[in-house]
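Form predicted on its own, single chain, as C-alpha cells, below.
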Amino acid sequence: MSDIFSLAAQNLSSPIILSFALGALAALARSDLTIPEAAAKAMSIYLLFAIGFKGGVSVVDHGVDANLALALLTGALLSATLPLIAFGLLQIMTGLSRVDAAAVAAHYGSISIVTFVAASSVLEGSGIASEGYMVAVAAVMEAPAILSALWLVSSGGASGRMDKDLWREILLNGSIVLLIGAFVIGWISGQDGLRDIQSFIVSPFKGVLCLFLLDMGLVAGRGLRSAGANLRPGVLAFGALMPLVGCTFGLAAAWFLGLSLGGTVLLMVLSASASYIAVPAAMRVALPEANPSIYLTLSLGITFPFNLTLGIPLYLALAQAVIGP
C-alpha cells in the first residue's frame, strides 16, 4: 500500500499532472485563461502522430506475429464487453434513462488516448518497457464499444442510428485515422525514419503534453462547473468505480496474453479509461437524444482526472503485484 501512495505522490508532483490541475483550478475559479482552439487542435495532432509513429517503429523491432494478432483481438473483445458491464452498473447505481446509460457505457468501453500517452510517459520515466503494438490495440478499442452501445439501445426498444453517417464517424474519425496512419508510417520507415525526425517527436513530447493537459484541465473544470445538476451521487460514484472495474478486466486479459509489466499497465489503462473525443462525436450522430453534459462530464471531468492522479499509480502497483517487476 505504501508503494501505491509513493507512486501516487510522485505522479501528482509531475509537471504533466500539475498542468492539468492548473487548468482545472483556473476554470473552476472562472479565470479568463484560455488555450486557442487552433493551438489545442495542433497539439492533439502532434501527440497522436508522435505516439502512433513511435508505436509503429516499435512493432518493426518486435515483428508481426501471433502475439500481436491475439492482442488486437483481445482489445476488441474488451471494448465490446466493457460497455455491457458499465450499462449494468449504471442501471443499478443511477436513475439514468436507457439511452443516456448506453451513451455513457460506450465511453467506458472505448479509450482515452491522452491517458494512454500519460501512462506511457510514466512508464518511460520509470524505465519500464512495453510492447510497441499497444498503440494498435488502442486504435481497435474504439468502434466495438460504440456498436455495443447501439445494441443496448435497440434491445430495449429504443432507436439508435446505424447508417452510413455513423460508420463514417467511426471509421474515419480524425484521431483514429491519424493514430493508425502515423503507426503505419513508423512501421514502414522504422528506426531510420525515427532518427530522421527524433528531434521533433521525442524531445518536445512531454512539453507539448503539459500544454495539452492544461487545456484538458480547462475543459474539465468548465464541464464540472456547468453540469453540477446532472452529477448525482450515483453518477459520480460510477465515474470512479468503473475505471477500477475496467482495469481488473484489463489485468486479467494482460495475464492471459503474457504481456510484459509495461504492456500490462497500458492494457489496464486502456480498459480503465473513457473516451472524450471519438465516442462523443459518434454519439451525436447515433444517439442525438442522449445528454452530452452527462457523458462528457463523466468521462472528462471525473474519470480522466481520477486516472491521471490516482489510477495510473494504482494500476502500476497492481500490475507489479501480479506480473512482477
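Residue numbers here begin at 1 and follow the sequence given. On a predicted model such as this, the values are computed, not experimentally measured, just so you know.
Although it is not shown, the form predicted in complex with a further copy of the same chain is what the next lines describe.
Interface residue among Leu68, Leu261, Leu257, Ile35 relative to a further copy of the same chain in the predicted complex, by the heavy atom within 4.5 Å criterion: Ile35. Proximity to a further copy of the same chain in the predicted complex, defined as a heavy atom within 4.5 Å, singles out one entry of Leu214, Leu123, Ala80, Val235, which is Leu214.
Although the partner is absent here, Val59 sits far enough away that none of its heavy atoms falls within 4.5 Å of a further copy of the same chain in the predicted complex. Proximity of Cys210 to a further copy of the same chain in the predicted complex: non-hydrogen atoms within 4.5 Å are present. Interface residue remark: Thr94 is not counted as part of the site for a further copy of the same chain in the predicted complex, having no heavy atom within 4.5 Å.
Contact between Leu310 and a further copy of the same chain in the predicted complex is not found at the 4.5 Å heavy atom cutoff. Look at 69 to 77, 129 to 137, 94 to 102, 193 to 201: in the predicted complex, residues with non-hydrogen atoms within 4.5 angstroms of a further copy of the same chain sit in 193 to 201. In this stretch, 248 to 274, not one residue has a heavy atom within 4.5 Å of a further copy of the same chain in the predicted complex; the partner itself is omitted from this view.
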